[in-house]
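One chain comes next, on its own, written as structure tokens: the form predicted alone.
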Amino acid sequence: MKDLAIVLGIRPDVIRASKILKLLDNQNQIEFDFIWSGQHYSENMKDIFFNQLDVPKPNFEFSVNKSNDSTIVSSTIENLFNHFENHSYKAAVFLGDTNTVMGSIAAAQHNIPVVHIEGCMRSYDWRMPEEKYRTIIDHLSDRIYAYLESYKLQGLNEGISENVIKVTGNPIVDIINENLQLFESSAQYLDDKVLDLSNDNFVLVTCHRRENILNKDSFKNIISLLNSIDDRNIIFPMGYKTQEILNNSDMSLNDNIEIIDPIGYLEFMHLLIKSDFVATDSGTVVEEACILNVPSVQMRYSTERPEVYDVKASIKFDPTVNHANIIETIDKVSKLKKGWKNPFGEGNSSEIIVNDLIELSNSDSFRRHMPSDYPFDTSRSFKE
């Protein structure tokens, strides 16, 4: 039996967990397998991030049926269930709020304790599949790593035991602190056209959330916002689904908006550092911008990261409503005063998480759902 199965599946997972994986790889107290769910599969959505951040490669890689959410989730559960049939672990570790974390159901079906990194975050927007997923895994979990005390309070308010939740700070702070010089010197990864655009004042944009791009009115309002930025260039690394929806719509972007395919982490962070501000619906990008003292427009109805508003690092743009004076959002973000304090932690979150995982594994105390005299052999599936 190995100690841990670390299950990841999307680009931000690789980034946020990169130091955790390296710390685990460089210690000799516990053994782990790194499992890739297969949710992201193209090179510029996965492999490039392993290479750029020098992350250990997965021990196991699965493929999933990507027809829709249900097939991704069901094949992830099936793949992990079958894997857990043949490989024993003291605990299975998941990160975030994507389809991949629903693989925690397979761990629960095998009675393997579940660990959730990034627990108890809530947007309270039930339209989001992520909100459903993180609620489910938190209530399955035997150990939750919540980034902030305010997140822990949200979990406690849902009836999750205080003994389950440990506040750690946000590992993305660790990644940025350790790689800042690398980000600043990563211009060589950009093609000449984007590099030229980045030499002048520019705005960086990302947009991928389905509640934005699949809702025509919301997407139209976002396009209107971007088209209102007419005094500087805009660099827009656009996901393939967003490109597809835009190309099949009657909407268009102004000529000062340069659409490019998704790019690697180092070149993206280089652009983020140099940008005047970022307009995004990505929770991770909002965190990164806040930590780097880059103003942001958060193009979302709600957020699980209200701290960026509290420290006045971000302006809200609600795509669900029509804005009478849309340029007002751009005026507000342009007036944000840099120098706010990063609210996400001190940069030692990865060490806190790894040390706790080692302690729990060595003491064999992951499980919280069962009394010590539980009458089953909990290392085996219930079907036996």
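As the structure is a prediction and not an experimental result, all values here were calculated from the model. All residue numbers refer to positions in the sequence shown, first residue = 1.
The protein also exists as the form predicted in complex with a small molecule; that form is not presented, and the subsequent description refers to it.
Contact between N233 and the small molecule in the predicted bound form at 4.5 Å, heavy atoms?
-> Although the small molecule is absent here, N233 would stay clear of it in the predicted bound form, with no heavy atoms inside 4.5 Å.
Closest heavy atom of R367 to the small molecule in the predicted bound form, within 4.5 Å or not?
-> No, no contact at 4.5 Å.
With heavy atoms only and a cut-off of 4.5 Å, decide whether T284 touches the small molecule in the predicted bound form.
-> Yes.
Flag Y265 as yes or no: does it have a non-hydrogen atom within 4.5 angstroms of any non-hydrogen atom of the small molecule in the predicted bound form?
-> Within the cut-off, so yes.
Heavy atoms, 4.5 Å, the small molecule in the predicted bound form: which of 85-93, 188-196, 267-275, 249-257 makes the cut? Say which one.
-> Partner-contacting stretch among the options: 267-275.
The small molecule: the contacting residue among R122, K152, H208, H110 in the predicted bound form [heavy atom, 4.5 Å] = Only one listed residue qualifies here, and that residue is H208.
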